[in-house]
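There is one chain below, alone, in structure tokens, taken in the form predicted on its own.
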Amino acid sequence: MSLNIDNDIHRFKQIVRGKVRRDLRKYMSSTEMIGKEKGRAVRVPLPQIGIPRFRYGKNDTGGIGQGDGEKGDAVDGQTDPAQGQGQAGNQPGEHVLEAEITLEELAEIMGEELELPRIEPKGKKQIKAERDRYTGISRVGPESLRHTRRTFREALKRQIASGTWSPSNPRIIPIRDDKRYRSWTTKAEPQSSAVIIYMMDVSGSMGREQKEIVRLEAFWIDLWLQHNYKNVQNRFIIHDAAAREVDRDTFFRTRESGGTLISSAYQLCWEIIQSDYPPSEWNIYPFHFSDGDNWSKADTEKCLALLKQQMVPAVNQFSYAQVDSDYGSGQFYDDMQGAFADDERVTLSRIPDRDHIMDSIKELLGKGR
């Protein structure tokens, strides 16, 4: 019975995952996902499954589909239900069946669907975490850690050696000296550590839809990277003509406007890396989202120099995603492509609309750096 239940549960989970796969683009373009935290569950609507019911007896009294009548005639004299006539009732109606799936499972499904590679930490960008491992046996310890098999083995050895063991009456009675306990040692183990630095253009040329697209893509990228690393820190930068660091809530909700100096965001990002995240110890992922409308060619040249000389050599990957906008020139994407066409540490992506968020994520994370 237990095996059958386990099989049913597994089958149900596969149905849920299949439903999520089919509607993944819809989930990834829904603003309802923004703000959900790790460990939270997402409700997934499922189609109703109709179960047939059988009634025994003679079928000689007529029924639906039997007898005279024309197509469209009401059944049993009832009026057309589409006309909405009738009185209020007190019976429950039909409800949509919902199943819960965790954000971690969503990240797994997204990775499978987009065929995203597992990310391997580079170099020494790891931190040490202390963990207790039970690797030995001791004569002393708490009863909760008593090793039953080893204890009875010692008791048996003692009884055989002393001649008190009787095969006809095989009773093993441990004494204090027979007791053995699990012992542990504390070891420093490497633990993958990553920081994700999100930079978003909030200038006047970035409309509300463009900002929503950026936030959605940032949410899913963050979910995937947290799925790959046990220790992930997030930093958030917004910029127009000036850049400033903000908290997560401000990043996902701010509505600002102004001119655009992209170099202000890159400079602040580099200062954060230098101050808090030594490249020898951290996996660093800066992501910049903009409509590509920079203030001047001189500022673009400043951006490219900062990336080439300082930031790109220090990070795992620098990602730039450009959202299509009716007001932005989009020139920055072409400038980035011209400067880093042959550099695998820099990834570029265009996002025409929210239906292309999945494609953009695959372009940005598909290298698995």
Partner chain sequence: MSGRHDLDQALDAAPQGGKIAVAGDGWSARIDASRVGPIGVVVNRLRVQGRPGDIERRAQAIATELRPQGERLDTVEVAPGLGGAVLRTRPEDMRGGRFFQVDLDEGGADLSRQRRKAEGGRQPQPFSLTREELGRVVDTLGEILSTGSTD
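All values reported here derive from a predicted model rather than from experimental measurement. Positions refer to the first chain, counted from 1.
What comes next is about the form predicted in complex with its partner chain, which does not appear here.
In the predicted bound form, none of the heavy atoms of Q310 sits within 4.5 Å of a heavy atom of its partner chain. For W295, a non-hydrogen atom is located within 4.5 Å of its partner chain in the predicted bound form, even though that partner is not displayed. Although the partner is absent here, P174 is not a contact residue: none of its heavy atoms lies within 4.5 angstroms of its partner chain in the predicted bound form.
Mapping the unseen interface onto this chain, L261 counts among the residues with a heavy atom inside 4.5 Å of its partner chain in the predicted bound form. Candidate site formed by L103, K211 and D249: none of these residues places a non-hydrogen atom within 4.5 angstroms of its partner chain in the predicted bound form.
Only one listed stretch (161-169, 252-260, 269-277, 108-116) carries heavy atoms within 4.5 Å of its partner chain in the predicted bound form, and that stretch is 252-260.
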